[in-house]
Each structure stands twice: as C-alpha cells, then as structure tokens.
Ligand code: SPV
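A single chain comes next, written as structure tokens; it is the form predicted alone.
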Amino acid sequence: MQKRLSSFKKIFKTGSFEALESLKNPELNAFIETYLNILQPSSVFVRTDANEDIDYIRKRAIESGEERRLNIEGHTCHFDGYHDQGRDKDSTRYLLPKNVVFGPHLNAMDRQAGLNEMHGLLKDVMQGKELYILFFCLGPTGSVFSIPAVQLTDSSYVAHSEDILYRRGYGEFKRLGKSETFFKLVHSAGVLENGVSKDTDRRRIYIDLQDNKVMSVNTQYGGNTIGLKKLSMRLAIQKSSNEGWLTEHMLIMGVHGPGERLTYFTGAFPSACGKTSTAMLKGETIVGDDIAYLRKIDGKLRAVNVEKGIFGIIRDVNPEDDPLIWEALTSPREVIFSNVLIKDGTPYWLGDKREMPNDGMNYSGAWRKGKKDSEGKEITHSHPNARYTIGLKELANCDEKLEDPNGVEIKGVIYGGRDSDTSVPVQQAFDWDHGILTMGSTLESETTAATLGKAGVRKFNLMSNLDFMAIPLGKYIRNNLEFVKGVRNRPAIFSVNYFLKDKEGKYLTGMHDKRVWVKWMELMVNDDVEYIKTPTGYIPIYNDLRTLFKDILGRDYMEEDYIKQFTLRIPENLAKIDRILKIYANDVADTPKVLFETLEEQKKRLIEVKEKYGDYVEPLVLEKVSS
C-alpha cells in the first residue's frame, strides 16, 4: 500500500486499514488517499461485506441523529432540510474538457474549474467527523452486468440507505483484484445544523465523466447524495454506450399470462408517473422499479435491476391502492421513512387514507396544522416527495430472479408519462424502430414535486432519461435503434398513459386500470389477441378489454368508457409531433434523420384520417378501417 496512504493509518477504526490493504488495488488506494487529504476526517470506517459492519452503520445513523427509531421494529425516520427535498437539477453539472460539447440539454461546466470548486467546498469538511468507505456492486455480483463502486461519505443515513439499496461489493473488489474499472463516489452533508445540511445554497452535485466519479456536498436528500443511484446512472450511460449495451431509467417486472406463463417487461416513466406502482401491481412480480442494465446474451435481450431495493415516493401509498407496499411499510422489517410526519413514533404521509394528526415532527421541525413557511404557504404534514427505502426481498411479490447473474429475458418495453390530453391509455408500436422514435424519443410529462421547481409544466423527456444523459442525444437514440441487431425476437414496444382527462378535467382511467393494460400487453406480446390499427399504433379491441376488466377487476367495462379512452385525438397528436420536431431541429444537432422521417410519416397518417373522419375519431370507426 502506498506510503502516503499509510500515513493516515492512525485514524482508521480497528481492522479498517487492514480491510482496505487486503484489496491490493493501487487505483483504489490513490483515489482514497487523494480525498483523505482533502476531506481531513477525524476517523475512518471501512465497511466490508460482514454483517457486523452493516450493523455498525445502522447504529451510527441513530447515534448521529440522522435517523430516529420509530415504534415498529426496524423502522427509522430521516429528515432532510426544508430546502433540500428533491433532486437539484440546476446544481447537478457534468464536468467536461473544453473541447467536449454534448448540446444544450446538458448542464455542464469546465472540468478543471468544477474540480477546483468542488475540492474547495470539500476542503477539511470532515474535520470532527467520521468518513465511511463503502463498497458496492451495481447489478448482481459475479455477473457480466456487474459494476463495482466505492462510496466515501460522512452521512450515516446515506451509508445506511445504500446498504438497503445495493449489493455488497467488498467481495467484488477482491474478485477483480487490481482492476482500475470502478465507479468513484464522494459525498459530504457539509456543516450540519439541527441534524440537516446548513449550507444548501452552496449545494453542488458534479459528475466527472472522465474519471468515472461523482461528487456532492451540502445536501442530504437521497437523489443528490446516494451516489449509486441516478448519479452513477450517468456514468453507466457513458460506459454502456462505449461498450454496446444500454443503461435505462426502467422498471423490470414479470407479468403473469394464461397458465404458468411469465413474461418480463421493462418500463420507463418519469418520476411520479406511476413507475413504482406499475412495478408493484397486484398479481405480478417485481424485479426492479428504477434502473436497468440491458445486454444481448445468446440472441436475447436480457436485463438486470441495478439495485436490490426501492427508494420510492410514499405519497398515496395506502392499503386500498398499494396493499403489498402498505403491508411492508406497516410491519416489522428494515425501512427508512424520510420527510414524513412523525407523531408518537408513527409515520404519516399524504394520501395514506388515515386520520391525520394535528401536530408532530416533520421536515419543517415541530409542526402543527396550519403552519406556514416564510412565504406564507401552508406546510403539508408530509412532503409531496417524501420517501421510503426498503429492500426488494422484504416485499411479498419480489421476483425469484432478482439476483440471477444473467438477468431476465425482456419481451416488452413500456414508455409512459403524465399526459392529460393526447395519448390513449395503452397502445403498441408497429415495430421496434417505430416505438423508439415515436414513443420513447417523444416522451413528454408534466413536472411533479420529485424535482425542485414548478410543478405542472409539460416537459420533453425522451425515454425518461433526459435528466441523466451523459452522451449526445442523437447518439443515444441511435444506440437504442441499433441495440436490437442480432436479437432474434425483438421486444414489442408500448406506450401507456394513466393520466388522460376529458374536457372537464376528469381522469378517464381509474387507479387500478393499469392492471388491465399490462395484461393486454402480455397477451399482445404472445400473439393471443387481435387489435385495431391506428395512425399511431395498435390499440385493444373493446371485447378483449371487457373480458379483462371483468376477470381482473371484477367490474363491467362500458363501451362508452372505451370510446372516451381510445378516441384518437388528432389535433393534440399533431401538436405534439410539431413540438417534438421543433425540439430536435433546434436543440439536437446530431438527431438521426430517421427520426424526422418517422414523425413526418406519422403526421401524414394522422392528417389522412382527419380529412376522412374529423378531428376526433372513435376506435370503432378505426376498427372498420382496419378490418
């Protein structure tokens, strides 16, 4: 081990220095030595894969005050600062050399200037604190999908969260020996005041693509600090692009079909658009709810969950709508609640369908009903972006192939966002290219409380990945188009829309209708149902949906509801195409020509139907056209 690193040996906890030394990785040692000099921690703990090391992290989270115990065994609660409640997009920047330009979608700055600024903010930040050095593996261990990662943090809450969310990776580093290929993550909560980050006005989250490194400071919120989540996802997008596989912002789920058939889907939804609730549907199995790695193996498209847990939005989780999650969150097991209301050791959140207490502790401190912030806005008892962190194996519907090193074979891909006026509840693309270009690459969604800023604004978000893109957009689209070359049976691509409204602003689909949509998709993938061809894709036949609604939800599905839901809204579809074409023409210099061609062809089909049937075309009319 390098002599310079040995000079820090006296501040390492018992056994920690030896644990680091036994990995025999010069690149790792150089990285750690660099940041020990910058951070200047008072003590260092190296977390191996041993259970006692995990227990130490849990204990420190309580001792430090970053978490507090709740009434149910294994449950704890964490509060982030009042102004630290979501992913800070503006302060999340890529550090790029001067000659590298990816386009206006990328919030970037000069690499050296960014490193200088970040290292200045991190200088001596851990004096009087303990540094945790944590080893993880992204994807199942011992797999072609595996990516090892090392996290440096002074937050026991971050360390505890990552222990729940990611596979232990100390053994993976031992297996790889002197490998220089691993992700590097550095975080400090900065100066704490009342247990939360004080200097959030100096919050910074920087991604150094050149060194496979993520750095963040003056923040505790998981989306800004849990480096292995969306921050490492940016590193993986670059890595996968260079190596010929895909990193996607996708759930993975198994949908049960007739007999013993189980069909696996991936699905991309922007935050708070139904992604976790889809992955957790009653009667189906969950492999993952957030990030997937996709590879071609033996002529098949296979995927793994990067994580082994869920950092989920807790709003509207209740026993009626989410029985499986509700059961897990209200019984003894390891769970971290964040930014909810705590009253007498019990957590409460928005939409839990319980009687709300009039006071308690929440993300604003001591709370009473009617409490207002400095701007006179009433403070809700639980934050709209409040979260829960739990291991997938704690859930009754966890898929048995979660840890399969070869992943699961994907037969369908789903794209969905918040769309109040354009897309039908479910439709299938004509083929892979049509799906990537007209569903994935055109994805839009209305903003929510999951990110800082104004809610309710329609945002372009191709494949739900725009915020995390680490390569030029055109290249990313081409990667997706070319990825299926050599795949014998290409997955079908679908779009879903759980948020379609009528002219009066009333939702046209119910909370549980998605259970029907996924069953129809499973039948389509396996060629078990017929369909109607529209200018934008294939939609269900009424009689098939009527049967599914009765069998799955036990209710009658009326033809008038079908007509409202699946009427083709041509003006809105044309307006969307024009919006998307403008975005790509103005902002994406390397847009593939085929995208413009495909959207123009779809526009032409819509206009032809409009000229024959008018602006709003009922599905039964289209059925006659396609018959």
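What you are looking at is a predicted structure, and each value in this text was computed from that prediction instead of being measured. Note that residue numbering begins at 1 and tracks the sequence as displayed.
Just so you know, the form predicted together with this ligand exists too; it's not on screen, but the next bit is about it.
Visitor: At 4.5 Å between heavy atoms, only one of the stretches 417 to 425, 317 to 325, 222 to 230, 112 to 120 reaches this ligand in the predicted bound form; which one is it?
Guide: Looking at the other structure, the answer is 222 to 230.
Visitor: Which one, Arg295, Lys184, Arg204, Arg387, lies within 4.5 Å of this ligand in the predicted bound form by heavy atoms?
Guide: By the 4.5 Å heavy-atom cutoff, the listed residue in contact is Arg387.
Visitor: Quick one: from Tyr476, Phe311, Phe173, Tyr94, grab the residue that has a heavy atom within 4.5 Å of this ligand in the predicted bound form.
Guide: That would be Phe311.
Visitor: Does at least one non-hydrogen atom of Ser495 fall within 4.5 angstroms of this ligand in the predicted bound form?
Guide: Looking in the predicted bound form, residue contacts with this ligand do not include Ser495, since no heavy atom lies within 4.5 Å.
Visitor: Test of understanding: in the predicted bound form, would Ser271 fall inside 4.5 Å of this ligand by heavy atoms?
Guide: It does: once this ligand is placed as it appears in the predicted bound form, Ser271 has a heavy atom within 4.5 Å of it.
Visitor: Could you confirm whether His75 comes within 4.5 Å of this ligand in the predicted bound form, counting heavy atoms only?
Guide: His75 lies outside the contact set for this ligand.
Visitor: Just to confirm, Asp84 within 4.5 Å of this ligand in the predicted bound form by heavy atoms?
Guide: Close contact is absent here: in the predicted bound form, Asp84 is far from this ligand, nothing within 4.5 Å, heavy atoms only.
Visitor: Pick out the residues of 285 to 299 whose heavy atoms come within 4.5 Å of this ligand in the predicted bound form.
Guide: Just Asp290.
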